[in-house]
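First, one chain by itself in structure tokens, the form predicted alone.
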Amino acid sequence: MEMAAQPSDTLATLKTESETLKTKLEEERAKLHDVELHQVAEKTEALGQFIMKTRRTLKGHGNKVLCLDWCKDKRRIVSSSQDGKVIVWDAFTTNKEHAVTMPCTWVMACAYAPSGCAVACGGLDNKCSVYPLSLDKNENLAAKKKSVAMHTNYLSACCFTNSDMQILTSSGDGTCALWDVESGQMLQSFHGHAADVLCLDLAPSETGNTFVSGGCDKKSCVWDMRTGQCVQSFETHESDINSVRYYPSGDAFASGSDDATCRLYDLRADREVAIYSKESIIFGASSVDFSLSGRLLFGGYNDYTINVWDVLKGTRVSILFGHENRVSTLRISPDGTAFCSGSWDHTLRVWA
């Protein structure tokens, strides 16, 4: 009878095998790579000068702003910060409409429910909590708090699916999960990242059956929410991926990383199609989002600036100054007329 192979041997052979398969995959991908995006875009008209300024500054957080999300009504914003506060703002008047103090500091994730009637948030408490918002100003929101998701490490991001009833979370425990808001039951879990998952974004289609996540393993994964399987993955960044955002059509997504680049991945071509970087940009990108048309990519950086990139040509078309510390989060308003950025300088700015 033959001796069973030593576990260490089999592990080594499997590792080499997986490496060879990876290389083969890359070669197959390269065969389909016939032309660069900026070459195809050469005939496209260049973008003219456009001026964007800070139109509103939202002050009230006592510490670093870590996350923000717009309400579908195009006017309210929820933001969360390191001091444990979650604030709902009216971006037109800059008034604070609701404020909740979380039991933990570092509230890294917050999201507005599609109906506009609730917000979700979480962070170092490893949970995702949903607070229903009422019109009664004197009502104690904390009393109605519902704990929905439980992870074994910090909550890094959350977003509602196309209804108030389900919520997607990503965590420092290396997983993402889909939860039922009513019961707090986990409906699906997503395993595939080798380290902390830092960000996620839901595909923009009505069916919304896929989402993309990025993390400390320098990898971004596209997931099928029904099966829990990773259907595509991309590993071209050289450092942590801090932010991922779908292109408005849903056929591509962008990512921003600590390697000081933003990258665009085409899902149909199954590869990276553009890198947005400059020699002079040496600080990481913390947050990315597309304009409504998909022609512009806004990136918030750790050097306190916001860079605006021409998605097709790969060139930087503008640089926005104003924040006095690193830009941690950035989101386009639902109607595309403005965008809001949050920063470690304790403020949010609405630009248009």
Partner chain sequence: MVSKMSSKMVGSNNLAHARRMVQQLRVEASIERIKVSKASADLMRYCGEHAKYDPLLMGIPASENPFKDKKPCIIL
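Numbering follows the first chain given and starts at 1. This structure is a prediction, so every number in the text was calculated from the model and none was measured. For the two forms, the rigid core is made up of the largest set of C-alpha atoms that agree within 1.5 Å on superposition.
Not pictured, yet referred to below: the form predicted in complex with the partner chain.
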- prompt: Heavy atom to heavy atom, is Phe298 within 4.5 Å of the partner chain in the predicted complex?
  reply: yes
query: Are any of the heavy atoms in Lys64 no more than 4.5 Å from a heavy atom of the partner chain in the predicted complex?
result: no
- prompt: Looking in the predicted complex, any heavy atom of Met150 within 4.5 Å of the partner chain?
  reply: no
task: Report yes if any heavy atom of Lys96 sits within 4.5 Å of a heavy atom of the partner chain in the predicted complex; otherwise report no.
output: no
message: Counting any heavy atom within 4.5 Å as contact, can you tell me which stretch out of 120 to 128, 153 to 161, 107 to 115, 228 to 236 lines the partner chain in the predicted complex?
response: 228 to 236
statement: Among Ala195, Ile275, Ala269, Met165, just one has a heavy atom within 4.5 Å of the partner chain in the predicted complex, namely Ala269
statement: Answer key: of Ser291, Thr315, Asn325, Thr57, within 4.5 Å of the partner chain in the predicted complex (heavy atoms) is Ser291
- prompt: Which residues from 331 to 352 come close to the partner chain in the predicted complex, meaning a heavy atom within 4.5 Å?
  reply: Ile332, Asp335, Gly336, Thr337, Ala338, Phe339, Val350, Ala352
message: If I superpose the two forms on their rigid core, does the C-alpha of Thr20 end up displaced by 2 Å or more between this form and the one not shown?
response: yes
